[in-house]
Structures are given as structure tokens and as C-alpha cells.
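Single chain ahead, written as C-alpha cells, the form predicted alone.
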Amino acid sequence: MTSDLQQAARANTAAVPAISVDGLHKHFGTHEVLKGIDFQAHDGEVVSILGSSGSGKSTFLRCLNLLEMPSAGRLRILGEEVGMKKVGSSLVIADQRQVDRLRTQVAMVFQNFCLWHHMTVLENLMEAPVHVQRRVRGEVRDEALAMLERVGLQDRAGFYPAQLSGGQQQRAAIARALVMRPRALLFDEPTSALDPELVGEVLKVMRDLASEGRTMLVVTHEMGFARDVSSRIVFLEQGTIAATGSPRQLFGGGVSERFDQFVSRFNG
């Protein structure tokens, strides 16, 4: 009986989405960017978020990490609802400590790397685990070096960001996110700021992470990655989910005329 209860508990835990939103709205002044999005991402899913410029992709991703506060809706991380309260016409964080804790579970990789330029690569990786997660410095250092080796930067630990190429900086940013031991990784157009010849090295790291079963939400214009690596596609248009499904369903054509038009721009 105990074994059955334990198995049921594990199954229930696995069924809880890593990230879940209900009725997510976001407006800036009178401009409504997100118009009531319902979304779930489960452990091990790789979700590519596609859409034209201005469709709300990056705003959506930033709301999931509370870098932007939703204007309305509910957000759950690992089944735990994020506390928000109404102040005037806006939502604000109810408990900053809760948000700080949950952010360690949902790590963000930004378009423009966001590395600390006055710190070495190794120091960049160690900063949050030591000072936010309060982990042992020696343990964090060993893990950070292992992550740098994981992304092919083991010989760049003592370099400063300005001494790295854009592709190397982005790989360092991915390693920094991994050292936090997150349950989910959010990527906001991680290759858009790179020269074309550097895109491949970052995508390779991301493909490797996806093959390990990591939970990843990726805002991207890299159609090859979205088609070949994703378990699911979410297509945003004018602040709503206009189409969603497996890459095979959507890239096969016929599910969404608007998605077909969008993809045709990348196919020449």
C-alpha cells in the first residue's frame, strides 16, 4: 500500500506543469500586448515560441519570470501560484522572497547576454549561486568550471566578457543559467544578437541541452531549431496563441494559414 501511495505521489508530481499561466494579460498604457494567454509547459518539453515582431513573444517570456508584471491572470511555477495583488489598476508582487526563490527554478538566457563586465566569466557564473542560493563557494566553483567545460569554454574561465566573441558570451550566459540548477530554462531570442557565423555554436549547445530532456521555452526565429528540436510549437500573433501543436503538425502545413504564411518568409 505504501509503495502504491509513493508511486501515485511521484506520478502527481510529474503531472504538475513546470510553468502554467491562465488568462495572462499584459498592457503598456493603453496598448494591450498579451490578450489572455493560457499555457502550460511540462518537465522535459522544448517549446519554441514563434511569431512576427510585435506579436508579444518576448513580453510573454518575461512575464513568466516576472521581469514584466502581468496586468491580469495567474502564474504557477512548479504548481506554486505566484502571489500577486492589485494596487490601483496594476498587479504587483505580493511576496518578493517567493519570487526570488522561484526565479532560481526558472532561469533566463537573454538576447544580449547580460554578463557582468567587471567580473570574469567564472565570477559571473558563481555570483548568483553563492549570494542568492547561499551555496558553498568551493562547490559552486567546481560546478561552474564543469559547466564551462560543458559549453566548450573551459579555457575562458579567467577572461572578462569583453575578451570573448558574442557566441562565447552567449555560451557563458547559458552556463551561468545552468549553474543555478533550474527546472526550466527560458531563452529570449538567444542568437539574434550574434553574427551569422556564431549562431551555430550556440544552437549546438541548446540542441545538446534539449537532448538531455531539459525543460526549455525558446523565443526564436531559428526555424531549423524549432522544427527539429522542439516537442511543441506555440505561434503568437497580436498577443494571442494563434496556433499550437507539434512541429510535424504545424510545419506540415494546413493547420494554420497564418502560420504557413509566417514560415514561408523563412523559406524564401
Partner chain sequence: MMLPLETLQLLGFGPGGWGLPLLSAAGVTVFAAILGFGLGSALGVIGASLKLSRHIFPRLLGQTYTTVVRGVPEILIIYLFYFGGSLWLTGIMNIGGFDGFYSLPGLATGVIAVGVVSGAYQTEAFRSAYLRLDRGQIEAGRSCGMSRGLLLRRIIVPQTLHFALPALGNIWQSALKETSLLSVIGLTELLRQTGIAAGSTHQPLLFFSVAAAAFFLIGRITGRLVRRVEDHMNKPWRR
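Not measured: the values here are computed from a predicted model. Positions refer to the first chain, counted from 1.
The protein also exists as the form predicted together with its partner chain; that form is not presented, and the subsequent description refers to it.
One stretch from 190-198, 109-117, 145-153, 72-80 that, in the predicted bound form, holds residues within 4.5 Å of its partner chain by heavy atom: The contacting stretch is 109-117.
Residues R62, D100 and V132 all lining its partner chain in the predicted bound form, heavy atom within 4.5 Å: Heavy-atom distance to its partner chain in the predicted bound form: all three under 4.5 Å.
So which of M180, L185, L122, M84 gets a non-hydrogen atom within 4.5 Å of its partner chain in the predicted bound form? Here the answer is residue option M180.
Hey, in the predicted bound form, is V136 touching its partner chain, heavy atoms inside 4.5 Å? Contact with its partner chain, no.
With a 4.5 Å heavy atom cut-off, would you call S90 a contact of its partner chain in the predicted bound form? Close contact is absent here: in the predicted bound form, S90 is far from its partner chain, nothing within 4.5 Å, heavy atoms only.
Contact test in the predicted bound form: L67 vs its partner chain, heavy atoms, 4.5 Å: Close contact exists here: in the predicted bound form, L67 approaches its partner chain to within 4.5 Å, heavy atoms only.
Does its partner chain get within 4.5 angstroms of any non-hydrogen atom of R171 in the predicted bound form? No, R171 stays farther than 4.5 Å from its partner chain in the predicted bound form.
Need the contact residues for 155-186: heavy atom within 4.5 Å of its partner chain in the predicted bound form, sequence order, or none if there are none. Y160, A162, Q163, R176, M180 sit within 4.5 Å of the partner.
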